[in-house]
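Next up: a single chain in structure tokens, the form predicted on its own.
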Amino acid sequence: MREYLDFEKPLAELEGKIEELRHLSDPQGMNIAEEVAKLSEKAERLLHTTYAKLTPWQKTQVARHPERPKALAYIEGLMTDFAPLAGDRAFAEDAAIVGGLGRFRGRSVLVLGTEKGTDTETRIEHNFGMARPEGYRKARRLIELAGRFALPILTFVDTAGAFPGIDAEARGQAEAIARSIEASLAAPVPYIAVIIGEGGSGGAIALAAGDKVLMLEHAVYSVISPEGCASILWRDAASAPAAAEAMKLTAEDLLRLALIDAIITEPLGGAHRDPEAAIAAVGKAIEAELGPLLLLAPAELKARRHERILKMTSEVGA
């Protein structure tokens, strides 16, 4: 059974009727095929209309959809010969960040991703995509490994943010995130980041300080969640829709602000309705961006990356 979001209730009712008709054993003279075709056409029009005018808060809901493909789905769909690598060589393994070596379109790459999990068991295993310091130290280790072996870096970002627990703070959460960003800026290889769902705060930036940042059409990317922002500004998490509007967290907003480089179009109704098509679109976009970056020398890559970040901060500050 597909999960529907609150604003999709009319669509849920319509598609529910279609399923009922398809499983009707006694049509009582009704032309089932014709009725299903009519309702299907109506449902597709409603889907077009609904997703053509999503608010920032609705896009946030789509970005968090439980059936949306996660980092491991992109790795499995786009990589061959993937060999996972684990551990930060200092404290422990953190399953919230996954990474390893693989081949993308026949080229050896290093891939990293924040993994939320797809059911109760895997969500707990991956801590809902919220990494602790050891996760970011693992990311730093693998980014530096990619630099030593001249491997392009691909990252898939989908996290509400770094884990805010006391144990994480005690082990140096902020320092670990900063070191991961530092390693990203210093990497002498092409680095492409894709925001596939939520891009939350420093937990996202730790894996997104690359040469190119791509973003799925219904993903969101911000310094804090709308609920967190509403709790701080209005002392009321229920004001999250207003916060989402003010935060400019959608792909369209961020492209206009030059904080990302490109938007990847999702299948109609969001990536969760057709994961294979969404994954294929991401692969095509990465391939298009990676080619020109491979022609650049390491010094130029690093210089352009630094210039990009400095330009962002100066423009946003202004």
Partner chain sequence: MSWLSQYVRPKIRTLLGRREVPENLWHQCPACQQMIFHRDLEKSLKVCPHCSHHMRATAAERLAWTFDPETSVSIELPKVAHDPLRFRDTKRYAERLREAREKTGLEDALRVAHGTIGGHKAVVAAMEFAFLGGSMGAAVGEGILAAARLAVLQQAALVVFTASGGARMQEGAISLMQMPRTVLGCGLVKDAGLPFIVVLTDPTAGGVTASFAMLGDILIAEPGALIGFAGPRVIEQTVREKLPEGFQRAEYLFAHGVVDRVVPRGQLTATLAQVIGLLTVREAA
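Numbering follows the first chain given and starts at 1. Bear in mind that the values here come from a model prediction, so they are computed numbers and not experimental data.
This protein has a second form, the form predicted together with the partner chain, left out of what is shown; the following refers to that one.
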- Message: So if I measure heavy atom distances to the partner chain in the predicted bound form, which of the stretches 110 to 118, 240 to 248, 145 to 153, 80 to 88 falls within 4.5 Å?
- Response: 240 to 248
- Message: Since only the chain is shown here, I'm wondering whether Val223 would be in contact with the partner chain in the predicted bound form (any heavy atom pair within 4.5 Å).
- Response: yes
- Counting only non-hydrogen atoms and a 4.5 angstroms cut-off, does Ala285 reach the partner chain in the predicted bound form? no
- Message: Lys17 versus the partner chain, in the predicted bound form: is there a non-hydrogen atom within 4.5 Å?
- Response: no
- the partner chain contact at Leu257 in the predicted bound form, heavy atom, 4.5 Å: yes
- Message: When the partner chain is placed as it is in the predicted bound form, are Glu175, Ala178 and Leu233 each within 4.5 Å of it, taking any non-hydrogen atom of the residue?
- Response: yes
- Query: Of Glu125, Glu76, Glu93, Glu182, which residue is found within 4.5 angstroms of the partner chain in the predicted bound form when only non-hydrogen atoms are counted?
  - Reply: Glu182
- Item | Position in contact with the partner chain when the complex is considered in the predicted bound form, options Leu294, Leu24, Ala12, Ile309, heavy atoms within 4.5 Å | Ile309
- Message: Need the contact residues for 183 to 212: heavy atom within 4.5 Å of the partner chain in the predicted bound form, sequence order, or none if there are none.
- Response: Leu185, Ser201, Gly202, Ile205, Ala209
